[in-house]
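Given as structure tokens, the chain that follows is alone and in the form predicted alone.
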């Protein structure tokens, strides 16, 4: 033991490593134990364990091993080599001492490697967790909040953003280091650009859960809307959505999912990197015939991207991180009664309060509170307790509509991220189906609305919608 201590003191690297191990390793073991028990939810606690203490202990262990190997003995020979152990084990005087030292070393090293393995595995799981992806870095708050309010809120980030193969995992980890550096140096873009070119293969990703052979049939779709009038009138639009089929299991391709049929291939080229402005569409049918459509008045030279094969994400571009419009956000909260419909003109007043510019989220929350109080209390201070409760509830609901969809610090406002489902403001379907795409032979991409849906009733009262459904059944 004294010989070992002398070697440590003759090797600065081993001494430094041993000191770090003595101080940090017990903390790492205790912290890992508490973290695995699930008692501490702070993402920075897990960061300290797996990305700071774990690597520090590993480096310290390497320093100890390297220092001991390189250390010189009194006789100027390198200990802990094959010849060293052979000489020691064949000497009766030192056999028992060396054997005990070997057993102790094996036990300590095995225990250390076991703990380090648990830390490494837990660290990998931590960096793949929702806690790390969504809560560790403040710049991801918008994506995390919208993810929690989406249909995919129970799907982890890595399920869509990282492949399951080793190459995909390694690429994601190195990309994460670049993003961590950009965050630390405040050099990231605001708002964050949509990663169109470096997502996983989207059809492969989506079809892990959504079976393409089941994309068929029609679906009744009802849209709830509240008008900005005195009574916040509730109206509904009912339509039959032609979900259609991609042509699987012998079915012919039709409806909305005709676009991703295996019976043909649909390509497009865009004039903008965000793929909003499509200027060329090419259809290759089952026989291999290719028809190219150009937008009227467009210049083929303005195409700034390579030809894209159409897939799920070209329509479902916001399947998870969904940013609603002010109208849609308020309609959802009014329907859920998070904003009371009984409060006169609340839809109109909420729209006014929501769409004013605010420099920060904190000032937006305060501004919405001030404006609605002024509208409903300052102008009419004699309201009873029930009406005051409705006003308080409305303020909280309108603030929720803002904080779930607008993030001024990240330069995310209403309409920053477009959703291609539907055709609001000339987007989505109308990128191609606007009647302006013509082939050399004079064929035109149809803009017939009935290709995808049939409107049964538009902006009717819920009672009329129910009566219409009963009449259809009869």
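What you see is a predicted model; the values in this text were computed from it and never measured. Numbering follows the first chain given and starts at 1.
There is another form of this protein, the form predicted together with a small molecule, and it is not shown here; the text below is about that form.
Interface residue among 343, 119, 353, 315, judged by heavy atoms within 4.5 Å of the small molecule in the predicted complex: 315. This chain lacks the partner; the member of 402, 226, 293, 376 within 4.5 angstroms of the small molecule in the predicted complex by a non-hydrogen atom is 293. Taking the partner from elsewhere, every residue among 195, 254 and 321 has a non-hydrogen atom within 4.5 angstroms of the small molecule in the predicted complex. The closest non-hydrogen atom of residue 407 lies beyond 4.5 Å of the small molecule in the predicted complex.
Although the partner is absent from this view, residue 20 stays clear of the small molecule in the predicted complex, with no non-hydrogen atom inside 4.5 angstroms. Using a 4.5 Å cutoff between non-hydrogen atoms, residue 334 does not count as a contact of the small molecule in the predicted complex. A residue is said to contact a partner when one of its heavy atoms sits within 4.5 Å of a partner heavy atom; residue 14 fails this definition for the small molecule in the predicted complex, lying far away. For the small molecule in the predicted complex, the listed stretch (376-384, 358-366, 119-127, 135-143) containing residues with heavy atoms inside 4.5 Å is 135-143.
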